[in-house]
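Structure 1 and structure 2 below are the same protein chain in two forms, each given by itself as structure tokens.
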Structure 1
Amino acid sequence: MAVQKSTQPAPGKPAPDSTRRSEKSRRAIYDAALALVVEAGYAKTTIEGIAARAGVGKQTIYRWWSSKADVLMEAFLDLAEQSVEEAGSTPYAFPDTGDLAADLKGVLRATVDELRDPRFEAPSRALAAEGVVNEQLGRELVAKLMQPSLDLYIARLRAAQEAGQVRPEIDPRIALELFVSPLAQRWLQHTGPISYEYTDTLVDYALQGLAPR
């Protein structure tokens, strides 16, 4: 199998030697970037500002990242990893108590909590906004940040199908959107308030169906 060196942006550039990279600078840049996005918002966060706050030369940023969005995405991924480690629990776990509705409600309630955590909100919104307009970045975000979670929904739904709780012809990749997307949209587009009651209702409507029996 061929070794893939994916992030070699320009063939004209000598490509920096990543083994000599300063770990301290990277950390400082992540911290500065996240702090600035939280404090001032994405638009007012500048590369110069990040460099200054991190006590780092601008070139050190341009050497390793290609854009402000790029820095922020890595910083956010790093933050997410840290949180998971801190939490101590298995990173990607999904409850399976046998009660599908309860399991989904629980996970969605946790998502609601996360969406409201101010530490996450500013960078998440910034990245999401960038992803709306920049398809490449958007796809990267989906792949790196969202897909792992969505895969767990799919797995849980498949289990439910095997247990006869969900009709077998249902495509779980679409079914999960019935509860996940409404929440996502309310949060992204400010189309409505977010609450446990709301997500519970979503699960109820979607799972039991809208039609009278």
Structure 2
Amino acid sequence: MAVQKSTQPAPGKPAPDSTRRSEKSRRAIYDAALALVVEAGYAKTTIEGIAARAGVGKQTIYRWWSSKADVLMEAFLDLAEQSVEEAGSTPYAFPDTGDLAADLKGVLRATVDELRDPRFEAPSRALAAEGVVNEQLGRELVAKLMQPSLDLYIARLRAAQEAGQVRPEIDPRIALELFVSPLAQRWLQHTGPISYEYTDTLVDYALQGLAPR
């Protein structure tokens, strides 16, 4: 008669921690996805390639995500959150000190730091470039990665309107583009240096047009 192997852990040995194994696999998948999209581009990055690089089975990825876009979005969000935590900030936070110019300059300076971080820059450029030609991915990039931050700009500008710092007829959804769009264009097209001085000047120029007359 065959001896049935016990499923109980041996005395003195801890039981395997499936949660810990899952987190290790998830982290390996994030790292593999971001590395591949930088090296090969979005179009050539595949679930199979991510699985092979991460050292996991393809079905492990499909258990958690339905597509490579979902993998990359989550990996990118995780990277951004890590960057924010390392800086000692809170994800999706926008200061309201009562000084609109100082608050905007602080947030944009943090954005400059993120855009210049090599860990963030390479995968974000790859995804942004693909989002221009891949309409579905472009919409997902906006909805999942950009919109939460844009909503905070809108909320902060509305608070400034209530405080009398911004004219009441200004549409915050359009006004936020005065700060965000020039920086994004300069970064994407390499039309000039990305610096604190540049974003501080953006704020100064924009607020001249938004302030009460």
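Since we're looking at a predicted model, the values are computed, not measured. Under this definition, the rigid core comprises the largest set of C-alpha atoms superposing within 1.5 Å between the forms. Each residue is numbered by where it sits in the sequence of structure 1, with counting from 1.
Remark: structure 1 matches the stated condition (the form predicted together with a further copy of the same chain).
With the core held fixed between structure 1 and structure 2, Ile61 has its Cα displaced by at least 2 Å.
Taking the rigid core as fixed, one finds a CA shift for Leu157 smaller than 2 Å between structure 1 and structure 2. Once both forms are fitted on their rigid core, the CA atom of Ala175 lies less than 2 Å apart between structure 1 and structure 2.
With the core fitted, the CA of Ile50 sits 3.7 Å away from its counterpart between structure 1 and structure 2.
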